[in-house]
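This text opens with one protein chain seen in two forms, each one given by itself as structure tokens under the names structure 1 and structure 2.
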Structure 1
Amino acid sequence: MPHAPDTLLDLPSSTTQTVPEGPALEAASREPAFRHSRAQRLADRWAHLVFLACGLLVVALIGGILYFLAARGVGAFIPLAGNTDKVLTLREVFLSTNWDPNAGKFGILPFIAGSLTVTGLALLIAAPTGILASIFIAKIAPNWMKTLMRQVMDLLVGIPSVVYGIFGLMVVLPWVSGKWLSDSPAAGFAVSAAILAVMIVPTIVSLATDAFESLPLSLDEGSQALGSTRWQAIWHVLIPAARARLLTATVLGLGRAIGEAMAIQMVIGNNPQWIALMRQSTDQTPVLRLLFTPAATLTTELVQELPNTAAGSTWNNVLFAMGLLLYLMTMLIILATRRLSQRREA
């Protein structure tokens, strides 16, 4: 019997293999109630495209964000139609610490340095504590404590940036300045980084816990069967075995930290001239000065100044260039985690 085309059978291609042959086929064609309608078949074909379109929309978004930020950002360096101000050199923007928009100075190095400093400090707190907490959850805690810790982490991620910010502003800043700095203002990197650390620690904990829990129990047993203590097994076997994934967790924590805006903006002090201020003041040790000089980052400066600038002005364009820089960092971070996971699989 010749192979019947789909249209005749009114069945989708995916089921043609199970089509009954011979008399059964005739029976099937006498039973129109069991056939897919033309509309159903069409829907099945079009659905694929609709779902694909949703996926493609995400891809388009990634490109669209890049395009629009770049279109505005490059306006600071290239004369475009609609530009109202002068153009700058890359050097003037990326390698200068002089930020004085009213005087035409647009060095964004203080913001880059600020972002890196606050992120670095936050990671310094969050990465070790987060990884240790994940060891606790994966290897030491009894079940009820595991559940409790997961709950705690879930709640910590769920708290909004601005609530972290208001807590810093109303509780942490006064406490620190009263207790540690004899009432000079405490705004700056220290408090920002501490708050940021609490915000990113759940990300690190949850990824690192997964890393430890996915290691086979046989590694743990192998080490302890040789007479290692539990901690020696963790330190000498489990941590090295999970290294790539722990690094991924830290890098993703870094990604969250570098993009955070509102919470830090509320406690960092928003001072674009922080590098100069830090250099001038001499009343404290350099470390304390770094930690407690009111400062600014890429994100806080965007929040602070974007509403005050006119579209098309150099000032405005430089701010978009800063946004573009943040976006490129995000992409870099995601690509880095990709490389890490490829190395893991290899």
Structure 2
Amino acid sequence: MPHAPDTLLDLPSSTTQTVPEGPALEAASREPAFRHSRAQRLADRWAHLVFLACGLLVVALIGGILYFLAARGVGAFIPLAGNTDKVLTLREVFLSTNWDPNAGKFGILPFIAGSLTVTGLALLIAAPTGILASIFIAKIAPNWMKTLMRQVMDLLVGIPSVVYGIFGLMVVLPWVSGKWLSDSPAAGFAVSAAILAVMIVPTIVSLATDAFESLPLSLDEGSQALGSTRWQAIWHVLIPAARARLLTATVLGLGRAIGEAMAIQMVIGNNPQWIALMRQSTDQTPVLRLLFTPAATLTTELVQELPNTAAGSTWNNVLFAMGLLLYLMTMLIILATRRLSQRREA
């Protein structure tokens, strides 16, 4: 009776495989796993060049904007060809509150303080509201409501800023003036910050929702399995886990807020001497004087005065210096946030 093969050597010769040896093995090892045609290799090379060109174009645009602003802005402090007026010192521009170009006074400190104040107030409203709304969308809302709120946030992001400004000018300002200030003008930081907060909340909500949805489900399920309530799991586990991305979302909202001009210009009052006016006013408490004194920011002053100044004049150069300062502030905020986020993630 035939017996079964006990070893591989007993297998029939038809089932054995020939293993290349020597030069044949070396040649096979050098063979690529797949081959590209000449047209495919050429297409890959051109795609690489296109991607490289796009990346270099973005860098060139950023550098070009910086160079353009710097080339015009430093003309306020350094005598350059094309300047038609006197040059100023850094102290006269950045540390003075007196803005009167017709008298040769170019202190931009009120505009810097105005930008920081309205942006800070807007963030105090928008950041907690946006993060809490994102928690509701990502972890609590049913699917139909989640989809609806996502669409609403996308719609709010796409609304032009001038529409927000018109709404604030025609609806919010009269309502606040008649209801809270006895028909006194309501222009100032309060209404401006409220309008700006509505504008940046959708940005914060969208990015913060993505941050919570990207977290592993095991974090939420594990914390609740250990006895935590839903709110304890959110507060003690999910928010700390998403903290870096929440910070990024808030700062991106800050970047949009600090550069906004049109909506703010319609409701802030556009008074460059708002610090002196606030000090002189005695019919309101200090808080109301701060919130409802017509003021100005870097962006509103640029929009209002830059088209009406002569190129090369001190006034024009100072306005470009304000634009350069705004550009550098935004860039530094974004870079600092990225660095902080990388440290927290590490």
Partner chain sequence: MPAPLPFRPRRFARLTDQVMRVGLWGLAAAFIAVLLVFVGVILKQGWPVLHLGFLTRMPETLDAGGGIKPEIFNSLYLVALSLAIALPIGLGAGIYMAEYAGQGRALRFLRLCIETLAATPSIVLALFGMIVFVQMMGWSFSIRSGAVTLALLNIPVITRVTEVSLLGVPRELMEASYGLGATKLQTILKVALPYAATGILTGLVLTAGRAFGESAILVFTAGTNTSQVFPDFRLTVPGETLSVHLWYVTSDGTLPDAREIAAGTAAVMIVVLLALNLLVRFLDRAIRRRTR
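Residue 1 is the first residue of structure 1, and the numbers go on in sequence order from there. The term rigid core refers to the maximal set of C-alpha atoms that superpose within 1.5 Å between the two forms. These figures come from a predicted structure and were not determined experimentally.
Structure 1, not structure 2, represents the form predicted together with its partner chain. Put the two forms on the same core and the Cα of Tyr67 is off by less than 2 Å between structures 1 and 2.
Aligning the rigid core leaves the CA of Leu49 displaced by 3.5 Å between structures 1 and 2.
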